[in-house]
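Below you'll find only one chain, the form predicted on its own, shown as structure tokens.
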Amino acid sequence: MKLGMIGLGRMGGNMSRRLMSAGHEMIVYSATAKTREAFANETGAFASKSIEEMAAKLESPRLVWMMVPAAVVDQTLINLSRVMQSGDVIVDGGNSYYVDDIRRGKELKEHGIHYVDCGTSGGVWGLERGYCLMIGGEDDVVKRLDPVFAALAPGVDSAPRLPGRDKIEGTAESGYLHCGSNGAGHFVKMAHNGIEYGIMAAYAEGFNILRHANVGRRPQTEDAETTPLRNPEEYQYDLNLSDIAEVWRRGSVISSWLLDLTATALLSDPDLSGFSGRVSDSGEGRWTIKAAIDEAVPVPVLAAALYQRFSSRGEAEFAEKLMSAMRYEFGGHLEKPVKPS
């Protein structure tokens, strides 16, 4: 199949490579000329100089896949709608808000253009491992695009088969799933990323406890501003976090791909000196919490994980200063100096 790809970043570039390796013909476009030309020289894909040229190179009914930031999806769709025709299909494979998908699907339908939202997970490893795809759109359109989804997905052999699963029809075992109408794909991806926030926070907090298990060996401060460590002898462990991550990868109930990546990071940089600890959030965690509120579903772990990311970026600094100020006002408590990291 011949298709267009808009966006050649960490995801779009490798997805195009994977599709080409499966025999699909790629017409690619990036707003940065250097990026698209370098990609074309490397892979042999045709690099369009404009969205108009991309559309002209494709065959009806045309398929264009977007891998662009959520903030520029609407403008990209406006540009595409001017050159696409009735019966053509646009796939948004980025991390858009599912509510926007519902609106976009209706707007494009007025022009006869089909819209598919596809939550995509796999990160920088997707070229080799494949991409988990969560799809929203019309039944017949999604079915028509099956060869593309199948080429991107990891395949049945990417995980052990569950007993009896072979008797159930569908594509979930292959790593891609038509979840429902417009918005359903990104709704499922939204919850996926909300869960990801929680799992990452749990690993981070657990390893931080292990890192401080030698607090009993450190000099103890004795003053009115410091809670005393009652039993220093209970915290005498100098633990090797890299080795702990490694042993947990084997037979542990908390083993996972995220733990594999954690072990890799700790092996190469045990103190994580290359990182500042500023953790971004691109929207999915917030949207997950909003959906939980609308559904009246309690999600304390996911909410706490989102707020921890805010704190990591200094968003709690004023609140922390205010607490310190209140302690000074009611009790004359002075701030202790910050210890060097």
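Nothing here was measured: the structure is a model prediction, and the numbers come from that model. C-alpha atoms forming the largest set that superposes within 1.5 Å between two forms make up the rigid core. One-based numbering along the sequence shown.
Heads up, the form predicted in complex with another copy of the chain isn't pictured, but that's what we're talking about next.
The three marked residues, Gly9, His24 and Tyr115, fail to reach another copy of the chain in the predicted complex, with no heavy atom of any inside 4.5 Å. Not displayed here, another copy of the chain is kept clear of Glu42 by more than 4.5 Å at the level of heavy atoms in the predicted complex. Taking the partner from the other structure, another copy of the chain in the predicted complex has no heavy atom within 4.5 Å of any heavy atom of Asp88. Residue contact with another copy of the chain in the predicted complex: Ala296 places a heavy atom within 4.5 Å of it. With a 4.5 Å cutoff on heavy atoms, Thr32 does not count as touching another copy of the chain in the predicted complex; it lies far away. In plain terms, the part of the chain that comes close to another copy of the chain in the predicted complex, with a heavy atom within 4.5 Å, is 212 to 220 out of 212 to 220, 143 to 151, 79 to 87, 107 to 115. Residues Ala201, Ala202, Tyr203, Ala204, Glu205, Gly206, Phe207, Asn208, Ile209, Leu210, Arg211, His212, Ala213, Val215 of 201 to 217 are found to place at least one heavy atom within 4.5 Å of another copy of the chain in the predicted complex. Superposition on the rigid core between this form and the one not shown places the CA atom of Gly331 2 Å or more away from its counterpart.
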